[in-house]
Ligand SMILES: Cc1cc2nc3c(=O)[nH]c(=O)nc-3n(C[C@H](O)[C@H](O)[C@H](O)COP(=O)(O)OP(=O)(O)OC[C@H]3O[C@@H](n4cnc5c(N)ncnc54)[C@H](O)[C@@H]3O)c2cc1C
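In structure tokens, one chain follows: the form predicted on its own.
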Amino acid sequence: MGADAAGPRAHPAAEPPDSGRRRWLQGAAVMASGLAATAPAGAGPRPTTQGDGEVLDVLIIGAGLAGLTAARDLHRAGNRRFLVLEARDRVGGRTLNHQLRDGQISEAGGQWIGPGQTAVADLARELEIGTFKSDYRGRGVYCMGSGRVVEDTHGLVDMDPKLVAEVDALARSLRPVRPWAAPEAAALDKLSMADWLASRQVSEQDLLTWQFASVLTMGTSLAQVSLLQYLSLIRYAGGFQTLEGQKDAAQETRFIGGSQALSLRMAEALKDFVRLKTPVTRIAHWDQPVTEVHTPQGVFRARRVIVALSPSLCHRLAFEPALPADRQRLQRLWPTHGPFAKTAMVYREPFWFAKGYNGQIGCVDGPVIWSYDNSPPDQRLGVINAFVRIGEMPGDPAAAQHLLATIYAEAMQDQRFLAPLEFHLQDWGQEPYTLSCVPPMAPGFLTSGLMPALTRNVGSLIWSGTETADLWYGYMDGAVRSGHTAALVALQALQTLHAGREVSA
């Protein structure tokens, strides 16, 4: 359910940090020190303008989890000739914290991790950011019109075990990495999830559960999601319930201080290596030894450029010369129809637990898709978050607050919901540098022949971002994995360049 905690209380599925990667980074420090010999240790790079002779080793576009992870790896390798450019006035990309009273937060974007998401868990441990479990004890409410059903739930109601076993077995049959390249992929990619379920005898309740899962995980309906894509996510998670549930699943664990704390902590350590409010408009000479990156604040020159953006955002940039035709087409056609809108309602305490409710409400119609408890670990405040259908929300914030409060009060039968302390709404569809929170692939896209261009680096350009990850693409874990990969590729390229100079000398 959404793209998305380990520290002192590490997730039991987390693995030790990749010691091989660390050894490589330590060895790369020797190379980086030679390339950066002209820069004092710890000094940040000076911004270049067109005509300056200074050339950075690496320029990173995007200060989300992918870009900052790559920057952190470069810094740990000893390189001091890099810079991160971010168009927004903040870091974090698709992670964002609402600042609440008493110094508390509520996540407005991706927020959870679970079993198998070891890259982001390792990063949290290294940054000394702790985690805690989501609180889902008690009963949830399911609504349709004036109807109301109350039952114990951990994010999803129980489904036909035979159907779950069938989809899990089908997912296990896929190759673990880049399943769209397998011979059987085309047949699976021709179908939508709706097509596949229509060929089974699925109860109305199970179909409704699948629909909830599709909207919450992919941001769109079952008819718009390729069977192959959904199966690949189930494959990464190790099962449908692990992907979509909370208990021992991908929505179980949260970060103390919110998911944006990962990016904030990295940016704080990198200091002047990160430039905010510096949108990139054009990338020139990417096929030459030195690439020019144009922004309203000036032109930056670098030997390698890590583009830590979604393909749809890359399509907004001008490239000179033009990118290869398959990469252009990939960027133009990349799906952008999966934005989310998320709300937070704040109360003095999470009083719903005392009444036996867990704050979860799933609605077939109306503005609320799914609500859940999002209180801080000490429960100093009570917070109910919700994924909402933004088209059914009033434009006036006061009216929107009243509408949601009324739905909560009726669903959990408590008038205290009518008097929230705060209300926050984040409409990701209005974010100019996001476009889509998740990439829901329509049937046929994954096997259209365009996917190799997603990760095929060209010239000085290194493609990064969660969409490029081999595992957990679309999730925070995928973003971290892609950042590690991009840093290694850049360091290896610089090492090759350095070796070539020594030979020619």
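Here the structure is a predicted model, which means the values were calculated and not measured. Heads up: residue numbers just count along the shown sequence, starting at 1.
One more form of this protein should be noted, the form predicted in complex with the ligand, which is absent from this view; the next part is about it.
Visitor: Within 4.5 Å of the ligand in the predicted bound form, heavy atoms considered, which of S232, T95, N79, S134?
Guide: Of S232, T95, N79, S134, the residue with a heavy atom within 4.5 Å of the ligand in the predicted bound form is T95.
Visitor: Which of these residues, V215, L309, V383, A411, gets a heavy atom within 4.5 Å of the ligand in the predicted bound form?
Guide: The residue from V215, L309, V383, A411 that makes the contact is L309.
Visitor: May I ask you to check whether A108 falls inside a 4.5 Å heavy atom distance of the ligand in the predicted bound form?
Guide: The answer is yes: A108 has a heavy atom within 4.5 Å of the ligand.
Visitor: Contact between P279 and the ligand in the predicted bound form at 4.5 Å, heavy atoms?
Guide: Yes, P279 sits close enough to the ligand in the predicted bound form that at least one of its heavy atoms falls within 4.5 Å.
Visitor: Can you work out whether A70 and the ligand are in contact in the predicted bound form, taking contact to mean some heavy atom pair no more than 4.5 Å apart?
Guide: So A70 does not count as contacting the ligand.
Visitor: Given that the ligand is not shown alongside this chain, does A63 nevertheless sit within 4.5 Å of it in the predicted bound form, heavy atom to heavy atom?
Guide: Yes, A63 sits close enough to the ligand in the predicted bound form that at least one of its heavy atoms falls within 4.5 Å.
Visitor: Can we say L317, C437 and M476 each have a non-hydrogen atom within 4.5 Å of the ligand in the predicted bound form?
Guide: Checking in the predicted bound form: L317, C437 and M476 are all within 4.5 Å of the ligand.
Visitor: Have a look at 80 to 88, 266 to 274, 298 to 306, 327 to 335 and name the one stretch with heavy atoms inside 4.5 Å of the ligand in the predicted bound form.
Guide: Correct option: 80 to 88.
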